[in-house]
Ligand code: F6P
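Take a look at this single chain, the form predicted alone, given in structure tokens.
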Amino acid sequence: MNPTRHAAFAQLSALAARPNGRRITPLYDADPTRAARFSATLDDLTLDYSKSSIDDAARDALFALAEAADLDGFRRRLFAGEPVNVTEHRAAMHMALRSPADAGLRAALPNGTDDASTLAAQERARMRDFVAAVHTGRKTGATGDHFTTVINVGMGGSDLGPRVVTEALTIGRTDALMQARFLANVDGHAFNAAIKGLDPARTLILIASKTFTTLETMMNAAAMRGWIAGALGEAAVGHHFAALSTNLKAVAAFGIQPEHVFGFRDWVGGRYSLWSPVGLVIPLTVGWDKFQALLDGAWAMDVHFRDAPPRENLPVLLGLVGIWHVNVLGCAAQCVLAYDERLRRLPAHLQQVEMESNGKHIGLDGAYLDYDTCPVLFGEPGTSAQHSFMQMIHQGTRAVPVDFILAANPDHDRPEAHRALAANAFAQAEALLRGRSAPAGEPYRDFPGERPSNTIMFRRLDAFSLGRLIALYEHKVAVQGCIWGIDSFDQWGVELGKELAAGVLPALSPGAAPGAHDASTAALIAGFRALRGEA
């Protein structure tokens, strides 16, 4: 860690060590305007971070830390398309996927630059034509039947992002243009569930794999191919599949027509790819106008993150509050509670965005870090979570910061239910803050309080606000990666388990040699085969 950054961390620790330096309620007692002064807005979107133990001095010290980490320079380099993905020598230019065609965003290449905004717009136009052809019936299945269902086959970012958006924009609605299903897990039960009740003649299948080599995805793709070919004949494959990939040779060998192939560049990481052709399932399901609104919302947050000063910048503020909780208060976990059933998959998506990005122990200088980075992120929809893990958050031995997310207006006709939902969100945050002393002789009813939370609130959950919300968390992650001095855009930790799985798989076949493994793994392989009667 550079000396200036080290000094900034030390200053933050000293502030937390003050009397009441970790408490929140005294800050409200001293400042009736605290909620207004410790919140920020972008149009109808509000981030209230006043339920934290950050006071003016701590906030100033956090901004000094951001300055020591050259956060402003990082933002400039990010949007200039410089190779901020240092270990892979790539730009991180997913913002171009949602930018206007004339935004001028460029991405560095080994020998030159990409006009990223223009390239993204060109592929977006191809996607739009394909979506229109499917919806109007100009593009049909092999038997001439219109497509009514789309199955997205992909793993990680090729599943989580598209899935959370599609579900958020379709749950409780009757205007979806196609039924969407998702297949990620290689478990055969997942495949059976994905195709259950479907007519192959009316099913379009998207294979989302940049390299077209991901083991689980390609096994599921082969199973889908067998399902289509078995029902409709081998010649039907070209009609019923599209690929979201850059491996044109492998895609062609699979039998997918070139006009059904949509690609993206290396400056798009998997967990940031829902805005790219990987998100094709979204407009197929909800229509192009909503997909464009999703992109527009994300771009609005991009522009805000790029241009707003740090003290008014929502991703910067959200990131710095997280730094305070992780590095100053020692919080090892972060909870996301969306009080909206439509966002039930948001924590799963954010788990990848945050923990794949910042779950690192090596700094940009190649040295081991001597401070914590990414917390464990988890969450569920409220109010369901109140009857599961909220017990631990209220009365556990460690504080777990919570992000409460809520739309002010629902899209259903039960206003009393939405008021109850909002009441629970606000009450949970207040309970974490205030706590309650135990009655005499009943210490188990003690609620310590002084537990931090943020509240993110906006007018209505629609495609635009959803895009803005997801981009807020994407940029929060980048802010924290900059502060921690790590590469938020590589993902080397994903590789080892995948490589070893390729070595274990042959040993699980009947009659195969056990292979060279550690004693525990060898014993597990032998036990597995014995339980299958294949020893």
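Note that the structure is predicted; figures quoted are calculated from it, not measured. The first residue of the sequence shown is number 1, and the count goes up from there.
Quick note: we don't show the form predicted together with 6-O-phosphono-beta-D-fructofuranose (F6P), though the next part is all about it.
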property	result
Stretch in contact, per heavy atom within 4.5 angstroms of 6-O-phosphono-beta-D-fructofuranose (F6P) in the predicted bound form, of 57-65, 34-42, 490-498, 469-477	490-498
Non-hydrogen atom within 4.5 angstroms of 6-O-phosphono-beta-D-fructofuranose (F6P) in the predicted bound form for each of G319, Q334 and P375	no
Of K210, R124, R163, R90, the one that lies within 4.5 Å of 6-O-phosphono-beta-D-fructofuranose (F6P) in the predicted bound form (heavy atoms)	K210
Partner-contacting position among G157, G379, P452, G297 - heavy atom within 4.5 Å of 6-O-phosphono-beta-D-fructofuranose (F6P) in the predicted bound form	G157
Contact flag, Q352 vs 6-O-phosphono-beta-D-fructofuranose (F6P) in the predicted bound form, heavy atom cut 4.5 Å	yes
R271: touches 6-O-phosphono-beta-D-fructofuranose (F6P) in the predicted bound form, heavy atom cutoff 4.5 angstroms	yes
Contact label in the predicted bound form: T214 to 6-O-phosphono-beta-D-fructofuranose (F6P), heavy atom within 4.5 Å	yes
Touches 6-O-phosphono-beta-D-fructofuranose (F6P) in the predicted bound form: D403 (any heavy atom, 4.5 Å)	no
